[in-house]
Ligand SMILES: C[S@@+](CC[C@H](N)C(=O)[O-])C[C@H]1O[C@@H](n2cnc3c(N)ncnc32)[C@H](O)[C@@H]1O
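Coming up is one lone chain in structure tokens, specifically the form predicted on its own.
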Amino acid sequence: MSSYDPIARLYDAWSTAVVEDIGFYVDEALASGGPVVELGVGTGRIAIPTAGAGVHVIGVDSSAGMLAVCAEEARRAGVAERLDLRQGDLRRPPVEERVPLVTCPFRAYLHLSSDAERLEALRAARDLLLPDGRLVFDVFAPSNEDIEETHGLWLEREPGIFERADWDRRQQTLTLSVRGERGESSMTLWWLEPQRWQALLAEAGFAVEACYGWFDRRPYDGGEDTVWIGRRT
């Protein structure tokens, strides 16, 4: 069972404030012409607006619960016919189609625990791309300030929804816990420095077209967040 299954009905309320990346990914999908494979589609926070913009999305997620919510929300939004949902792993997505764009939003690659898993996932994404196709994803590496301000504390992220971050600098892991009336769960994320992501992309067969520091496309010049665009070579 996925660690997201117990919070599938809590997830949208938990992440309701996360909107800064939606327009960015919708714009990338429109520029590609579609169709798009979205890895870690979740409840459709990005896929549903993308489908609403007229782009066909193949959405992959390991959580049956999250996919069920996504399907419901897609029907409610009137875009179900443009959203093809499939249960599967980031490293072995169940997709035979070849597309101009693969995305992996909201730090989903941080669920991979080793370079071997990261390379497997990046190479799998590359295999889904047409020649010159692009992979777009975002990740983060925490600042010392963020770790010190949040470590070991239960913080109310949204009304009635609490989140706890337990950081391990040596292992470069974040154990993230969430709880609310509609569910609770914990999951582990593994972060890397941007230089390591760049090296992994090259090893997996991508040329880095851009590395942004935020979704407004500002160039990366330090900070926690990186947004990567890799072109298949």
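The numbering used is simple: start at 1 and walk along the sequence shown. All values reported here derive from a predicted model rather than from experimental measurement.
Another form exists, predicted in complex with the named molecule; not displayed. Remarks below refer to it.
- You can rule out all but one of 74-82, 128-136, 87-95, 149-157: in the model of the complex, only 87-95 has residues with a heavy atom within 4.5 Å of the named molecule.
- The named molecule in the model of the complex comes within 4.5 Å of a heavy atom belonging to Ala108.
- The named molecule in the model of the complex comes within 4.5 Å of a heavy atom belonging to Arg45.
- Taking the partner from the other structure, the named molecule in the model of the complex has no heavy atom within 4.5 Å of any heavy atom of Ala29.
- Using a 4.5 angstroms limit between non-hydrogen atoms, Tyr11 touches the named molecule in the model of the complex.
- Shown here without the named molecule, the chain has no residue in 192-213 lying with a heavy atom within 4.5 Å of that partner in the model of the complex.
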